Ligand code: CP
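The chain below stands alone and is given as structure tokens, in the form predicted on its own.
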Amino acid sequence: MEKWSKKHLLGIKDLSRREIDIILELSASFKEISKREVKKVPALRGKTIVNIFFENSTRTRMSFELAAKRLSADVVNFQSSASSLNKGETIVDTIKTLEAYHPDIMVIRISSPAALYLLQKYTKASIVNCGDGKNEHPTQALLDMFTVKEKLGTLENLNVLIVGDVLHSRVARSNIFGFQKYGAKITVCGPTTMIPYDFENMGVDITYDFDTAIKKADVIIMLRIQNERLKSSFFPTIREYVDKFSLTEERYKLRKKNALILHPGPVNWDVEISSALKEKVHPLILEQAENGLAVRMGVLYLVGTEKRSL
């Protein structure tokens, strides 16, 4: 395998196609480890990883913790709700304090877009972005791409349809950056209030007609309605949203035969996807979670095994 040169993983936008290939190839080998009786390798023995979540998470936080432990690293979980942030300490001072303990990797989720580009100045540790506001969620895109390549055998020149709350979605942005590096045609679909006006500048097509768009898609990424980020109403009623942008049984029948249905989770059943389709689509969504563990093992290994100067 080629030498990995990056100290941090801050976004898919920063990666070359070859660097994505390296991550996916390594992740494939790590996926096998989780199926062994002894699910551990000594790859990061002696390394210390701090998981720092300023926002809530289940899948990402737990999979990063499991990934670190299966690589034999020492893991510390930082919980902002029980920290000195509640006493008035700033996020920068928190990072400086954690840096005093000499961690090797900081895995960070934060609400401020692109804040990690600033925070890297305050630590010698490698930083892995696990979601920064509405900016990026690189490991989610990597696990989505890993899943697609595993199922379809290629990432080349696919028609990728991203549906739902695109405005608030860091997953959408990272997937656009990632799939475009393989020649994908990206289409985003959702309410007019949930499609950023500048997305056309990213080279994507915009549509509000889910019924037509689904017929052409090889990959359909359904996005969660992020109620925790909605400060006002972005559509009149849930019923209207479901009518136009939910993956219903009727729309499911319109898809290509081998089209993949992905979702970053958690799913709001009967909003983004009809619960009547659960047996058909949920197994692949759970496989995305499994693949997320392998991808995060790959990322931690790559940023954690090279000695670099600042």
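The structure presented is a predicted model; accordingly, all values stated were derived computationally and were not measured. Numbers for residues come from their place in the sequence shown, where the first is 1.
Another form exists, predicted together with the named molecule; not displayed. Remarks below refer to it.
- Proximity to the named molecule in the predicted complex, taken as heavy atoms within 4.5 Å, picks out 263-271 from the listed stretches 263-271, 278-286, 25-33, 40-48.
- Heavy atoms of Arg251 never reach within 4.5 Å of the named molecule in the predicted complex, leaving it off the interface.
- Residue contact check for Ser246: none of its heavy atoms lie within 4.5 Å of the named molecule in the predicted complex.
- The shortest heavy atom separation between Gln140 and the named molecule in the predicted complex is within 4.5 Å.
- Though the partner is left out of this view, His168 does not reach within 4.5 Å of the named molecule in the predicted complex, counting heavy atoms only.
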